[in-house]
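Here's a solo chain for you in structure tokens, the form predicted on its own.
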């Protein structure tokens, strides 16, 4: 089973922050890190999951209505009087570049199923090539059209199609988006394992995020492997790779 840090180490540190990613690259045996990108009002790529800033910052409203400078003024509570900012993807690449060039993978989810963020596919691919990181990236999205656009821009790009059920991921893949991997919810494996053979199945989990306290429970990864899951995006990867 391959283990990815979901939004970084998001159980014990604020999700999608430089700290959560820095903690992730310290974990030996980690396959990769997953994060989410959106565009600001003035066209900058930033790393944040929700379309609104309300849950993770002290601000209100949609990411797309903030300029980068306005977004940088928002505070992410990191506990004990510490605060972080919403990072740009450039800042994340600055932190991760050495690790990515040494074998770590990065799954970039394009958060464009609600707002399409025109041109974001080309913008992120251009930056990845500028950085020389094209062999280290997996692009994913709930939008089959977005995955199709990525493949049109870069036919060699590695892609994963997201949905709640693995059957819906497979339907999108066979419907023409041409993704390389299926990215379902871990409880959405509604096909027998033999139907998934030959596919990479990276399952995402929800569960506890910072600042909630860890539950202390650990998933039976062997059981997940037995139903066809090959990779998992975990909020607390450090509990599995000690």
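Numbering follows the first chain given and starts at 1. All of these numbers come straight from a predicted model, not from anything done at the bench.
The same protein has a further form, the form predicted in complex with a small molecule, not shown here; the description that follows concerns it.
Annotated contact segment (heavy atom within 4.5 Å of the small molecule in the model of the complex): 34-42, selected among 34-42, 213-221, 64-72, 190-198. In the model of the complex, no heavy atom of residue 159 sits within 4.5 Å of the small molecule. The small molecule is not drawn, but in the model of the complex it has no heavy atom within 4.5 Å of residue 13.
In the model of the complex, none of the heavy atoms of residue 121 sits within 4.5 Å of a heavy atom of the small molecule. Interface residue remark: residue 93 is not counted as part of the site for the small molecule in the model of the complex, having no heavy atom within 4.5 Å.
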